[in-house]
Every structure is written in C-alpha cells, then in structure tokens.
Ligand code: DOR
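Next comes just one chain, in structure tokens: the form predicted on its own.
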Amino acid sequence: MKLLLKKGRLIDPGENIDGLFDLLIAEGKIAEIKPQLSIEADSEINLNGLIVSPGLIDLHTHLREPGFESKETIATGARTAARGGFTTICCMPNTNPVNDSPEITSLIKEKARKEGLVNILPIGAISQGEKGEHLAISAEMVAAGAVGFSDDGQPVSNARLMKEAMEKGAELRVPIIDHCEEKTLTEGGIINEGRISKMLGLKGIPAAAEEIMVARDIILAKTYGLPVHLAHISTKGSVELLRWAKENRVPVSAEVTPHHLLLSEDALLSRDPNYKVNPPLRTEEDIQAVRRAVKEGWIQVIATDHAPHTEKEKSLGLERAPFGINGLETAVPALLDRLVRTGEFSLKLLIMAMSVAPARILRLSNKGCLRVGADADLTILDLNRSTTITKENFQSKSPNTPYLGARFQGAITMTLVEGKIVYQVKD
C-alpha cells in the first residue's frame, strides 16, 4: 500500500527540514521525500501547503485502564490521542492494579494492540504499588513493553530508593520520571499557595514543595551521573534549578504541560474545578519562567498530563473534586493559538518539544522524525483552520477541560500512524 502526500510543508527541526516536499509512504514507512515525486501510488492526497510534522509524542498521559474505565479506557484514550494529533502516547502506571509487574504491562500492551489506533507505550511503576518502599523496576517489565518508570501521582520521597531507581533506569536504558512533590508541605492543599488561595480561604500548595524535590533529583543526578526526567514543572524556582543543571551539564530533562504554559492561578477565582490540577496553576511570573525555559532548552518537552475524570467527580466543587485536566484533544489547538500564532513560540520549537525531544528521551529511533526508513507516523496541521472545543465532539469519555466553548486558531486535520489515517477532520 503506497500513499503519496503532495505539496506539504514538512517541518522537522531534528532533521533540519522546513520546506515544500512530496512524501511517499510504503509499507508503513517513509519511502521517499523529494521536492516533487511523480510516482504511481494507491492513493494520493494534495496537502496544498498544510504542515506535515513528525507524529506528536505525549510522554505523560493517564488512560485509567485497568481499574478506572468510567474515566477513560485504552480504546477511548487512543481515539482521543488521534484526534489531538498524537501518534504515540505513554500511559502512567497509577491504575488499579498499579502497573508494577510484567503481567500488567503485557495486559496494557495487548489491549493497546487490539484496541488502540495509536502507539501506546506503558510507563511502569518505580515502586511496588507506588508506595515508595520497594523497587518495582525490572528487565522483565522492559521486555514486556515498559518504556520508562514513574510513580506519577506520588513522589518517590525516599532518596535512597530514588537513587536505586535512577541506577536501574540507567542500566536498562529507560527514563526514570519523577513527580516532584514534598508531600509534607502539600497535604490538604487545593490550589497554589499565594494571593488567590488567601482570597478564597483555601489551603495552598507551595512552590517550595516542588522545588525541594527538583533540587534533590538534580543533586542525585549530578553526584552519581545518573539521568532523570522531571514531570510537569510549574514554578520559577524549578526553572532556575534546571538552568543551573543545564549550565553544569547535569543529565536532567524536564517537561511542562500546556496548562502550566497558558493558565494562571487567577482562573481559580471562578472556583471552577476544571482548573484544579497538581501541581496547581501558578502565577503569571511562573508562566513566563516556564515559557522561557522551553525557549532556552532547560525544559525540553511539552506533555499533556492528560488526566480524565468523570463529570460527577468534577462537579463535587473545588475542595472535593479530584486534580486533573483532560489534555489530549485541546493541547495542540490551544498552543498553536496562544503561543505560535502570537509569535512567542515558533512552530519548529513546538514540534521539537512535542515530537523530536520526547522521541529522543524514549530512544525511539524511528519515531519523531521525517526521515526515509522511519515509521510513517505523521501529524498534519492547518494553521488557518479554527478548532472549537465542545463536549459533543470530544472523543474522550471525560470532558473535564476548562476550554469547553473555546475557539482556537489552528487545527489537526489528519493523523497517520504507520501510514494509516487514524483521524481526519470532517469538513
């Protein structure tokens, strides 16, 4: 099966590509890239200058299955990812049971093979049951399909255990992803500690709780020369620590979410639980700091931290509702509209942070690139088309997003996985 994409603007900062090209797909791989191809193919699509990006890769999602299928499943999460332009997603282990064994990893991989439109890569738990007591990382889990390890949702509070995890991750050549939170400072916290929490009379979550753990992980990485990846960075203080790590060549990488790039704690004045996340939305100063960190390369990855919850759960009010924003379907349109269209981020930077960099961290040599022989995982973008976020057109089971009703300039028009169209916009 051959598919010829004509006249697309191919952008791949990793391969230093930005221009109008024809791209031929054969047997799920990129077969040729040339300014003009005259080849007989089974199917041909004229893109008329639409953006062709390496397939987007989300390093941080929650698919909820097994155990919490009322919120999301592997099948609905895959459809959601495809509509959002993601060809590969990594699912966190805080399921029920926790993904802390080869058996659970294999279950997820098998369900993904049968039901998933996109590549679904399990992240295994660092510790057994995510309890932070005994290491769960094993070569058997990697062999079963785990591409990294994290206790996301829970920090690894024990420094010795974290060091052992980093050692094991280095041995197995997979990333260790840490949820940076000093729990003794955040217990009972609802939103960011500061001006808004005082106005609303709510217990706050201080920036220091994140920064203490960021500092600890950087110190471990520097002292022992062991790599670590830091999840959902949200504060100016964390950015300063990452800058120091970069200047001192510490093997640390980091990610930031779209909501921490775009939304501030002021949104919580509405008391809308759809703005309740962990780490919490921070100040405008923090937003500017994390944006600068992406531009400077101190934060390499933008990851959604897609965290679906049922409408019933999110309707419990700000104090009782669970933390989390549904992110896979809204991330790209929101970032295109509010950062790329305004000129603050270049399109190359966005593609670097959402495809090339995560592929490198995961050591996915045939993904996150537009290169002959690579997997034909592609995301097609239209910067002139608008996207309206409605509950009715959501693919996810859970519409817990603050963007319902929003209209963004920029849209996903097509998502291809191994050369197959898994999502196409309806005119």
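Since the structure is predicted, the reported quantities are computational estimates derived from the model, not experimental observations. Start at 1 with the first residue shown and count on from there.
The form predicted in complex with the named molecule is left out here; the points below concern that form.
Although the partner is absent from this view, P175 stays clear of the named molecule in the predicted bound form, with no non-hydrogen atom inside 4.5 angstroms.
Among residues of the shown chain, F345 is not one whose heavy atoms approach the named molecule to within 4.5 Å in the predicted bound form.
In the predicted bound form, the named molecule sits within 4.5 Å of a heavy atom belonging to H232. With a 4.5 Å cutoff on heavy atoms, H179 counts as touching the named molecule in the predicted bound form. With respect to the named molecule in the predicted bound form, the three residues R64, N278 and H309 uniformly fall within 4.5 angstroms at the level of their nearest heavy atom. The partner is not drawn, yet in the predicted bound form one stretch among 321-329, 264-272, 210-218, 106-114 has residues with heavy atoms inside 4.5 Å of the named molecule: 321-329.
Of the listed positions (E255, D286, D152, E72), a single one reaches within 4.5 angstroms of the named molecule by any non-hydrogen atom in the predicted bound form, namely D152. Only one of the listed residues (T76, T186, S101, N94) places a non-hydrogen atom within 4.5 angstroms of the named molecule in the predicted bound form, and that residue is N94.
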